[in-house]
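The chain below stands alone and is given as structure tokens, in the form predicted on its own.
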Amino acid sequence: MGKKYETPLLDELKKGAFPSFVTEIEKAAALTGQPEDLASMASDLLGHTELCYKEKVTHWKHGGIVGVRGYGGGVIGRYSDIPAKFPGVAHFHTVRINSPSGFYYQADSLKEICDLWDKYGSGLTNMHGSTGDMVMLGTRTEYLEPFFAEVSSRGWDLGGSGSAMRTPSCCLGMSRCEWANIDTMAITNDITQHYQDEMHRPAFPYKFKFKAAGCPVDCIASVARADMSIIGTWKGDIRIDQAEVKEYSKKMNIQSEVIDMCPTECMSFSGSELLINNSQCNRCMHCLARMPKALRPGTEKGATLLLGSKAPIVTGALMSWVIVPFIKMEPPYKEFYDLIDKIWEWWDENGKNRERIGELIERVSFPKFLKEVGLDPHPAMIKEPRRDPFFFWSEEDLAK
């Protein structure tokens, strides 16, 4: 156990109805049996964070290149700029552990990881980081190699960091969800295994994230967070059970809660029968989510590929847009991987340092991107639903 600090600002964060990260750091600070140079990590973290809040300035500095032998990513270096004041966090490196598809863990596996982190780190974890990794928060440089040796000997691997492919992640898919149109967990695992080198040895202009969602509900929020979104969808008509529609009509106002909410206005309800103009449906899943017993996806399953989303970094937030309206996404995924390789090659040739793929496309134009990677324009390739297509018709085209 380390030094006890007065933390009036952090104490405010423990108030209220929700769990606080401050409480969890305090629990870690009370741990015993850690190596002497790690025993004060959590307690010094409290004092360090309190001072940052008090002075309204961060006292963390990025650690630059720090990692384990053979890997260019997976460890995020972090140092305090006031190490003499808080020696326990003079080093505070983060280690990313590649999470299993769907975040399924056995209890003894989690205990194993946590025991190792008590031995080699601060005892603090983040389950999970925004990228999807299991994040081990805070250790010293000299403990990175021994921790990695023990973790890897038990079958775990480091996740992605830096200008590389980040750890792919997905929703629970077919393991739990009746709406899943693709096996998200199998796809995520295959991408992880296929692109090991791209994940562990950064060579891109900047980061690249894959996220797979089983259906357009997109529980993993891939459209807002992934450079490449893989979203399960279907071809053909939505299957309708009219008897169940009648049952729903007794419990809800189908007109106002479903028909009027349809973004493409492709549905109608006579009071006894539900009709769908499937040629106008954009598969948003609202109607299926509201009436799951009455409506089901079509029988031919596949995925829509979208590209380019990111949080604000350089040019602001971007949502992804469709580049492939429908792809089967079945093993061995050759068509998918061929396309990814073309996209990465074009990005590598044209991207600036720290420029995400979506920012590059906005800078040089979507038509140029399509031409370079060999994709044909399609009406589904729109920046916003039903508005502002990326490709434009000339007056000559319209005259024809």
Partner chain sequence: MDKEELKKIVYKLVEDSTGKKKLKQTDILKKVSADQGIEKDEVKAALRELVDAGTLIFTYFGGSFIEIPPKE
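Values in this document were obtained by computation on a predicted structure and should not be read as measured data. Residue numbers count along the first chain shown, from 1.
Just so you know, the form predicted together with the partner chain exists too; it's not on screen, but the next bit is about it.
Enquirer: Heavy atoms within 4.5 Å of the partner chain in the predicted complex: which stretch in 176-184, 162-170, 287-295, 125-133 meets that?
Expert: That would be 162-170.
Enquirer: So in the predicted complex, is the partner chain close enough to T32 to count as touching (4.5 Å, heavy atoms)?
Expert: No, T32 is distant from the partner.
Enquirer: Taking the shortest heavy atom distance, is A203 within 4.5 Å of the partner chain in the predicted complex?
Expert: The answer is yes: A203 has a heavy atom within 4.5 Å of the partner chain.
Enquirer: Looking at the partner-bound form in the predicted complex, is D218 within 4.5 Å of the partner chain by any heavy atom?
Expert: So D218 does not count as contacting the partner chain.
Enquirer: Residue-level contact is defined here as any heavy atom of the residue lying within 4.5 Å of the partner chain in the predicted complex; does I65 satisfy this criterion?
Expert: Judged by the heavy-atom cut-off of 4.5 Å, I65 is in contact with the partner chain in the predicted complex.
Enquirer: D197, E349 and N353: each with a heavy atom within 4.5 Å of the partner chain in the predicted complex?
Expert: Looking in the predicted complex, the three residues D197, E349 and N353 all sit within 4.5 Å of the partner chain (heavy atoms).
Enquirer: Tell me, out of F326, F103, F269, Y71, which residue has a non-hydrogen atom within 4.5 angstroms of the partner chain in the predicted complex.
Expert: For this set of options, the contacting one is Y71.
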